[in-house]
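Below you will find one chain, with nothing else, as structure tokens; this is the form predicted on its own, and questions on how it binds or moves follow later.
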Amino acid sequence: MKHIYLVYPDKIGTIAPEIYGHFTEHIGGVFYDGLWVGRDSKIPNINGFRKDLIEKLKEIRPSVLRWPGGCFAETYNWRDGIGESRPVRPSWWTPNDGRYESNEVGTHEFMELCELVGAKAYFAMNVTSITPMQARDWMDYCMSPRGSTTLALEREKNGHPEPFDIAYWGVGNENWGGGGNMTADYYALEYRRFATVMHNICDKKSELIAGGANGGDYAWTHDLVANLEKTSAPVHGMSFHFYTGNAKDALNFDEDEWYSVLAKCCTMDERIRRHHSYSVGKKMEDKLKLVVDEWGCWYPDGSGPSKGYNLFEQQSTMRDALVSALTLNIFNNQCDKVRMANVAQLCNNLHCLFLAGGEHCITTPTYHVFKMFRDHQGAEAIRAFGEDNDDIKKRVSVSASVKDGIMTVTLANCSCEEDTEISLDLFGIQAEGTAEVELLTSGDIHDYNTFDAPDTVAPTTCTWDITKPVTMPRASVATVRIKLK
């Protein structure tokens, strides 16, 4: 039996709702085929967005949507996506998938999507192929008061008199790679240049996020933080991207590959600690909380229902549900360091929550984990830990939070071989003995949902007597809601 310790007096901090954010890039079938079907489509839609998907997305309380890239942002001209006559252009991804960007979804459409699902907007600014003045113009168009500037009047002419509420602007994307192949020193100078001009117009209405490292590139973080320490340019967060990749196949894997992917996913914990330590060393931890604005599993594409038509589309199995649960538990337990996180991506792509095409739209096991974990948003995280955390084959991942008299405990049994008996041991608080439980598991670790069988992997509900040991099935995720006395 494994003990899970829940220590109520030991509070970590508030879990920012933005940790449960999402990434929506113009790539493959994320928008066209997925989120967007067009206003004239026979598929039920809300002003062009797939109605079924919108309704399901609202259920998980999405806190943030990041857009329009990703690498797509590197050559994006915001003016292409406003007004009635929109140009068709090659995008960043055209050489890979042969698709040209229609610009049907632009600033107004994306902001309507955010409003429909109740999410904050996070714009990834192109700093690779535009000037700071062009960045300022986009912000002027979006955020200047009604009737105040020429660009505000143009926004009104295009159907939105009031300014858009854009909470976050990312100053660049993956600038160590597609975003200009910059060094950290060079990017820091670009950040300072862009941020000075951007902040001048947005003032305190938006937060500016600096582009951070690729995975475990701590040298980038060291150099970036050292440069940002020396500037008066505003900065409100520092991003980094980390994908659990190098797996051979999304669907066909053995037990060793199961554990390999889960073990790599768990290195997120160390990456958060080490990247954050550089900010602490320069006493900039309040300005440079981490923004993990791309994370998830990255497998070879072709396993999704479009069979390779949509670039980077992949299926989501119980393995991906476990990766989702492990990662979100890490974010919860490190909520004092993580400002925001955005899983990549929302639909028809990497580690997605939805697969859609034609009249079909289904949720993946990843979607169910986000829905099961949603009550952590805005809650007070408490210290939670288990035994055998150094052995991925024996690990039961856990995080816990308290809000409105309810303790939410989320668990993931990493073993794909054995059920695990656990005991929930509470310290510093009393609770009712019977708890409500959502359980996500399946008969086969390779199981996934399809258009023909959309509920092969779906959660069930039950109750646990938490005064006694209970059994977690192998390869399962559980949410336990405990009423406090």
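What you see is a predicted model, and the numbers here were worked out from it, not measured in a lab. When you see a residue number, it is the position in the sequence shown, counting from 1.
Missing here is the form predicted together with a small molecule; even so, the following discussion is about that form.
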Could you tell me if residue 121 has a non-hydrogen atom within 4.5 Å of the small molecule in the predicted bound form? no
Considering non-hydrogen atoms and a 4.5 Å limit, does the small molecule approach residue 382 in the predicted bound form? no
Is there a heavy atom of residue 376 lying 4.5 Å or less from a heavy atom of the small molecule in the predicted bound form? no
For residue 399, is any heavy atom within 4.5 Å of the small molecule in the predicted bound form, or not? no
Site test, 93, 173 and 298 vs the small molecule in the predicted bound form, non-hydrogen atom cutoff 4.5 Å: yes
In the predicted bound form, the residue from 351, 241, 275, 395 with a non-hydrogen atom within 4.5 Å of the small molecule is 241
Note which of 362, 71, 130, 235 lies within 4.5 Å of the small molecule in the predicted bound form, where distance is taken over heavy atoms; exactly one does. 71
Given that the partner is absent here, state which listed stretch (261 to 269, 315 to 323, 151 to 159, 342 to 350) has heavy atoms within 4.5 Å of the small molecule in the predicted bound form. 342 to 350
